[in-house]
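Before any questions on how it binds or moves, here is one chain, the form predicted alone, in structure tokens.
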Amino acid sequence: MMNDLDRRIINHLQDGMPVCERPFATVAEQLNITEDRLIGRVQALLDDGTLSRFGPLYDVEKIGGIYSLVAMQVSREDIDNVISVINSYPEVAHNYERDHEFNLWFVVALDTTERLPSLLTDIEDRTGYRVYNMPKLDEYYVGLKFHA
């Protein structure tokens, strides 16, 4: 269960981190807490799974890259092996399993659009399963703010 401080931290961090020598100190001052407390709370939220990740989001398309959503139909007995293969690619931003005919989904972020076909072919070759590429057509931002 999140407390009021954790809600305030998550709400504040969604608006961005300052670019400076000590960004956590700057944010901590804005939240009226210490830098060590802020870092400790962010780490605790990561450790308990409340936050799945903490880091920058890059707009790869602005630098000539591409995002793509990819789906696979993987047999139950092979799912752990296929997940392990997919996780071995640094270009995979995240992946998740679903209770659906297409039971494995992941997002690929590449610095050039030309690399996408070869990467997906490589994943097919290594896993033995077909990949279904669904490149991003439009982008939507959905923010999540908590009442503190």
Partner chain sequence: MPETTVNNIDRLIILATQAGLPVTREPYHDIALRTGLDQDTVMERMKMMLERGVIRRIGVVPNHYRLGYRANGMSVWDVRDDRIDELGKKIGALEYVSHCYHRPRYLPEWPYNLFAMVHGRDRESTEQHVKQIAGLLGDAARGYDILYSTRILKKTGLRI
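Computed from a prediction, not measured in an experiment: that's the story for all the values here. Residue numbers count along the first chain shown, from 1.
Omitted here: the form predicted in complex with the partner chain. The next part is about that form.
For the chain shown alone, P117 is not a contact residue for the partner chain in the predicted complex, no non-hydrogen atom being within 4.5 angstroms.
Using a 4.5 angstroms threshold between heavy atoms, I33 stays clear of the partner chain in the predicted complex. At the 4.5 Å threshold, heavy atoms of Y129 stay clear of the partner chain in the predicted complex, well away from it.
Heavy atoms of D111 reach within 4.5 Å of the partner chain in the predicted complex, making it an interface residue. Although the partner chain is not shown here, in the predicted complex the stretch 27 to 46 places heavy atoms of E35, D36, I39, V42, Q43, L46 within 4.5 Å of it, in sequence order.
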